[in-house]
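This document opens with one chain alone, in structure tokens, the form predicted on its own.
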Amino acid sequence: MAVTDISWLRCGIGTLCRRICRIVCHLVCHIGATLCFAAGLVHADVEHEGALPVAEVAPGIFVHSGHQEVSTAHNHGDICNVGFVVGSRCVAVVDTGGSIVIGRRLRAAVKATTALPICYVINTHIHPDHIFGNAAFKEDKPTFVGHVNLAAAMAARGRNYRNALIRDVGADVAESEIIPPTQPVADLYDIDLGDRILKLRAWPTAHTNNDLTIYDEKTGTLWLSDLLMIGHTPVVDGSLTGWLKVIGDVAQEQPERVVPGHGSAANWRQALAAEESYLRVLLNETRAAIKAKKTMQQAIDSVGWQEKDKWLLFEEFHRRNVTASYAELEWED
């Protein structure tokens, strides 16, 4: 009888387990289907956004102004200024945005503007908000152009940048990839778009060690990219002293207009002066902290915080600026 009772108990438990398994499986399938449907809606929304809005700031010069934010699932890396230049023969794209989603939308803006082919994609420097849209232009088979140091920087940082992009933005940008330049620029380089010459210049280490600017002779438009950041806290990822020297050189230029890497201003010279002022605060106060034998952390906690209300994203970038400045200046003569 005891044996019969135990058998009945085992049978009952087995039946109960099978019922529980069926319920769990049903729930898992339902949740999975819901998530897939939601993902489909997100993808559809992204595709539905269409071409990036662009402004024709001068004849044949089209600029999209990115959000003054960090990259998120909401903005898909649309956080810097990108654009394109139209010649009589073909088009040059200047930076491609922070993900393939933004790159596709930029490409759609080009196609909505002109039927001319895209023959060049120019990356102004390494930072991910400027380069991860490159993959959207692969089918155009353009010449990818960048500073002579850009390919090495991409090789060193590309994997970490892509991992961070997917972590912060999500699966929608998983097709984003690093595409290095096929045409490196070591000094000066001209691009002919047909009745329009773009003069490219590779700069010494400043904002990064691979900064490239573009000057359109036809309209007097100078693309400074992140050598000039307006509103957005300047980011020191190359050399603080080098950047200040480059700013001095840039101030001697006489363009009709300037396209910065972030933000906009009616007077670009005032904006450049504001950037220089912030960088000089970093320079002078970091040097003073080192002279006073403060540790790096003490410098991080004290240098430049009076600048906080003047800049966007200050909390996100200022500490790393002090860190980079301290490391650069600690051993200077």
Partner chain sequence: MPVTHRFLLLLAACVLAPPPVIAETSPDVWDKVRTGLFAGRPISEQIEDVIALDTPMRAEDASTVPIAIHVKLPAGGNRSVQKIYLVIDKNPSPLGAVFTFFPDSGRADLETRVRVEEYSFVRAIAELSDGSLYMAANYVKAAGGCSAPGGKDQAAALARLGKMKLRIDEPIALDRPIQAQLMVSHPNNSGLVMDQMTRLYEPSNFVRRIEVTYAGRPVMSADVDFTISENPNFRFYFVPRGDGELKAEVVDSHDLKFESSLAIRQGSGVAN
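Positions refer to the first chain, counted from 1. None of these values were measured; they are calculated from a predicted model.
Absent from the display: the form predicted together with its partner chain. The rest refers to it.
Checking 126-134, 87-95, 107-115, 212-220 against its partner chain in the predicted complex, the stretch whose residues place heavy atoms within 4.5 Å of it is 126-134. Put simply, of 284, 277, 297, 270 only one has a heavy atom within 4.5 Å of its partner chain in the predicted complex, and it is 297. In the predicted complex, no heavy atom of residue 143 sits within 4.5 Å of its partner chain.
Mapping the unseen interface onto this chain, residue 237 counts among the residues with a heavy atom inside 4.5 Å of its partner chain in the predicted complex. Its partner chain is not drawn, but in the predicted complex it has a heavy atom within 4.5 Å of residue 161. By the criterion of a heavy atom within 4.5 Å, residue 290 is counted among the residues contacting its partner chain in the predicted complex. Contacts between 166-184 and its partner chain, taken as any heavy atom within 4.5 Å in the predicted complex, involve 167, 168, 178, 180, 181.
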